[in-house]
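One chain comes next, on its own, written as structure tokens: the form predicted on its own.
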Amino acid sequence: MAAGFKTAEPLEYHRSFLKENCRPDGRELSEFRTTTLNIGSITTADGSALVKMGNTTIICGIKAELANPTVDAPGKGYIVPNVDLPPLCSSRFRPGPPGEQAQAASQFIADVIESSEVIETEDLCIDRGKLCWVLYCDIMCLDYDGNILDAAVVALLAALRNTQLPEVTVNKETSTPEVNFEKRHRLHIHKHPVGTSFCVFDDSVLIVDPTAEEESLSTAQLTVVTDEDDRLCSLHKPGGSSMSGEKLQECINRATARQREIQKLIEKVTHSVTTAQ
């Protein structure tokens, strides 16, 4: 009976749970799904991480390449993020060039990298005006069940923490770069931005970490990105109904608490992997 009600009237089905301050999967309104993290899972990448939030699964691989700095920023390297939502992760996505949601997610990640200053791009410069590192961050969704932005930010941050770059020197006589793969150093992570996503039902009920079904039934979505200094790095609200200042402040407060939880998780996993090595 419940399965039939859920199929015929999905919104009413969810409302019946929200009235009781809970959700169909048994969580409270402000409860996150279990988050698990694995780092260094792609041995061919310079850094990688796999994140699971409930069923939503995201993997991030980072590949570093040597390049020429841009003319307008000769003393900086650069970071190129790309989010891929293949048909593998959900039947809602089709093969071919990136869809609108994947492009919006890639732009969101690029904005977070820039606004949070997670890495100082000056650190990626090797020889001013001549040589720098470019970090290609490929973020792929393996299983889509809502809230990919939060999972993508965690995967990116953990992969950057896991990245090791080889030592590079420029030969004075030939002006060619010489790479020493035996000597590697980790990236210096300046900030730890973490995203927290919310959905609004019927313009009033606020829930965190929405599933794909909850996202599709909501009247508004919001992602708040904060760092360890409680600084607001990014606020992403793709349309939907308006939100009051009080609701917005509630979201920001919840996001700052979530940032601490995720940073602890990343540090714990990174430490355990470093110790094991």
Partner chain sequence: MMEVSASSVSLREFGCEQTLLSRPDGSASFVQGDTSVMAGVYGPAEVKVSKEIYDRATLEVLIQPKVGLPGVRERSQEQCVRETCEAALLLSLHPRSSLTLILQVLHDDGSLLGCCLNAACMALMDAGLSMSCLFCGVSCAITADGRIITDPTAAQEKESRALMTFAIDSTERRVIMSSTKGSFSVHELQQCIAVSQKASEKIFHFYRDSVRRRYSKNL
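Numbering follows the first chain given and starts at 1. These figures come from a predicted structure and were not determined experimentally.
Below, we turn to the form predicted together with its partner chain, even though it does not appear here.
Peer 1: Okay, which stretch from 119-127, 167-175, 150-158, 104-112 lines its partner chain in the predicted bound form, with non-hydrogen atoms inside 4.5 Å?
Peer 2: Partner-contacting stretch among the options: 104-112.
Peer 1: Is G26 close to its partner chain in the predicted bound form, meaning a heavy atom pair under 4.5 Å apart or at it?
Peer 2: The answer is no: G26 has no heavy atom within 4.5 Å of its partner chain.
Peer 1: Contact with its partner chain in the predicted bound form for A212, defined as at least one heavy atom pair within 4.5 Å: yes or no?
Peer 2: Answer no; every heavy atom of A212 is more than 4.5 Å from its partner chain in the predicted bound form.
Peer 1: So, in the predicted bound form, is S234 in contact with its partner chain at a 4.5 angstroms heavy atom limit?
Peer 2: Residue-level check for S234: yes, a contact with its partner chain.
Peer 1: Can you check whether T34 is within 4.5 Å of its partner chain in the predicted bound form, heavy atom basis?
Peer 2: T34: no contact with its partner chain in the predicted bound form.
Peer 1: Within 4.5 Å of its partner chain in the predicted bound form, counting any non-hydrogen atom, which residues from 245-259 show up?
Peer 2: G245, E246, L248, Q249, I252 sit within 4.5 Å of the partner.
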